[in-house]
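Before any questions on how it binds or moves, here is one chain, the form predicted on its own, in structure tokens.
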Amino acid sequence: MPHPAALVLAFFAVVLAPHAAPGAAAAPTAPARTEFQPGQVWRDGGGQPINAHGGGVLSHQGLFYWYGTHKIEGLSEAQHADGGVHAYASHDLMNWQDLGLVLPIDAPPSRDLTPGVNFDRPKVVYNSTTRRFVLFFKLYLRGHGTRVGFVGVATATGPAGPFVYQHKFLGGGSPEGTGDFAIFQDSDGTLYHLAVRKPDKALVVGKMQDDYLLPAGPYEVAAGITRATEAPAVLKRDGRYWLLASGSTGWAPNAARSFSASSLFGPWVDHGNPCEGVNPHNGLGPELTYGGQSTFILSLPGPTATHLAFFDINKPDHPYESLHVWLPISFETGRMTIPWRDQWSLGALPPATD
């Protein structure tokens, strides 16, 4: 739950301000948001478009941290070069303070995180045993194309970073590694890596070591998942797992997919496309997931748990202008639905039902 207002303001002023990007405004200049507005430009407290793509949100000690890929105008579209992980902090999920780059791509050419790498879908989890924040990201090495997909790992002692790169690994049991992935922390603290295996595009699941830094053993194919299911995101509700994902059409949008299972390893039951309605900003509906692709699900605890689905509306010609869509998930008659909403607020959401 959010901190009291005085504590939040003090935290932002004392702790977050030193992490702001160079040249960032000292005081907010953008009007405070009171509602989510999916598919529209989302600006931070300094009035700049939020530059955190393909990412996710971590809740820690009453604040939210949004991590995503920093896109570079003029490079991200031409060379698929990315700037690293950009982070933001908020007390209400709508109004965000810029923390700047918490993991920059600035290493020498002989190292993994050198300028020119293809870097995507960062996710952060907290390990309460090691007291470390662990960052995972999809990593294609500079000059090697996208045939071999690594998972990069970095750690930090605080949610605002800085994160220190540790290593990379090939997940999925394939010498070509994996592509899109989800990192899911179960209720007992166990961490799982769900990923699209290269080159056959099967969705595979692997348990991570207790310190979260490497896979603990072999991966298993997730039984019942349609082949070429990408962009996975996971939630757990009433002891059952739900998977939101997309098809495989590169940068072009396609219809979303949803599945449920009593185990992350399956068998998964196909529930079809969960999207309903039309995005009025581009005229696209469920058949193209409002023009977006799934990136993450944020689960908010409470008497009635709330789950939020995140999508990116990718603009491959101008990646830094890609848009964000956050929508609440509903559960009706044994399936999940994600209806379009032009605008909405957390306080106005009805209780989730079955």
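Computed from a prediction, not measured in an experiment: that's the story for all the values here. Heads up: residue numbers just count along the shown sequence, starting at 1.
There is another form of this protein, the form predicted together with a small molecule, and it is not shown here; the text below is about that form.
Here the chain stands by itself, but in the predicted complex one stretch of 126-134, 271-279, 113-121, 187-195, 113-121, has heavy atoms within 4.5 Å of the small molecule. Note on the partner interface in the predicted complex: the residue among G145, G283, G250, G217 having a heavy atom within 4.5 angstroms of the small molecule is G250. For the marked spot (K138, D180 and Q293), a heavy atom within 4.5 Å of the small molecule in the predicted complex is present in each of the three residues. For E230, a non-hydrogen atom is located within 4.5 Å of the small molecule in the predicted complex, even though that partner is not displayed.
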